[in-house]
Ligand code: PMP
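Read the single chain below, which is given as structure tokens and is the form predicted alone.
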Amino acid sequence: MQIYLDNAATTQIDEKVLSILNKSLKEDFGNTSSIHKKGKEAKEKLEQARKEIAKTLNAEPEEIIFTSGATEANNLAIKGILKASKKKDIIISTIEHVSIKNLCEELQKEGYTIHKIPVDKDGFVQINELKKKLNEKIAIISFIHANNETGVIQDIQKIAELCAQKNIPFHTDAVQSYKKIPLDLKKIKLTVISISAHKIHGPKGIGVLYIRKGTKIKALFNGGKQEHGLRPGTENLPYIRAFAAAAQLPYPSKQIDKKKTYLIKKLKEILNIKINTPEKSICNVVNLSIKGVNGETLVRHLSEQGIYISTGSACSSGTIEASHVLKAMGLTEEQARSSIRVSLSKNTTKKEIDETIKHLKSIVPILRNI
């Protein structure tokens, strides 16, 4: 029995989405920039997909820019706005995804000043600390919406309002929250947002950067005029159409949240564990620390049994450091290293959860005695 519980890393592509992708790979071979009939047909399908994704955000189609994924979108958001600004200060939180964290570390080497806002024990950005840093020197603020390791949800509407008051561009990485939490960009005055297809049962290798009208931003590399000149290169139409198809699928947040509640209840039957995911979190992620057990060792043991979970962010796997997210929340080095992340999807069953708990109850006592 194969049990996949690493959906925060990536999801299985939906059959409907796969069908559209395969059909498009075969039929939509025209270049969207070509002026002949085949090119015009491709262009029409591209713009239809743009409209469909924009609708899920209550945004305008021209505010949607297609990228190769969320990491590129995050880089375009921050570096693109910096290229259009003379300001040198950037604000992020201490629990950002590595695509933001590592980017800002590189920018710091280039002379930019990075201000990191701390979080509390549940992972919520300390708003009072943010307010102290808001001034005319800030070029951009970037906070992750729902954390990829713990699932904690930030109050981006409140943060966006604070940024708007100071006329500071605000970016959020909404990769984990997209479709799980409604995002109405007519109500939430965000400047730029990154989303990705493969977290919502779409394909890997395709993402979107929403850029609000009037935002001063520059392309990161030179080329043609595709994507309003902000993302040169021939658009990946089959994957864009597949993203649009995935975006239109209903996301059963309530049903998944019930599975999450059941999972936490069953996890608490295992002694000496600490649930690191707060109540205000996305519906599919549970992070926990198991005392006396190394998280990576546990992941490998479960994998041998056909059960697939992770120790945190897939983008951080293989690193020797303990989770920077958990340490920022005040966990000890030992607690951070003993953490695992279980992430559910619409495909997860109660039987799979029960089977996973059974294996955990069997393996944990053994690992504690090694």
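We number the residues from 1 along the sequence you see. Because the structure is predicted, anything quoted here is derived from the model rather than measured.
Beyond the structure shown, there is the form predicted in complex with the named molecule, which is absent from this document and is the topic of what follows.
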query: Check all three, 14, 179 and 248, heavy atom within 4.5 Å of the named molecule in the predicted bound form; finding: no
query: Interface residue in the predicted bound form among 150, 74, 93, 284, criterion: non-hydrogen atom within 4.5 angstroms of the named molecule; finding: 74
query: Selected contact from 141, 192, 144, 242, since only one has a non-hydrogen atom within 4.5 angstroms of the named molecule in the predicted bound form; finding: 144
query: Residue 259: touches the named molecule in the predicted bound form, heavy atom cutoff 4.5 angstroms; finding: no
query: Partner contact for residue 325 in the predicted bound form: the named molecule, 4.5 angstroms, heavy atom; finding: no
query: Residue 101 within 4.5 Å of the named molecule in the predicted bound form, heavy atoms; finding: no
query: Residue 175: touches the named molecule in the predicted bound form, heavy atom cutoff 4.5 angstroms; finding: yes
query: Which of 83-91, 122-130, 192-200, 211-219 sits within 4.5 Å of the named molecule in the predicted bound form, heavy atom basis; finding: 192-200
query: Stretch 76-97 - residues with a heavy atom within 4.5 Å of the named molecule in the predicted bound form; finding: 97
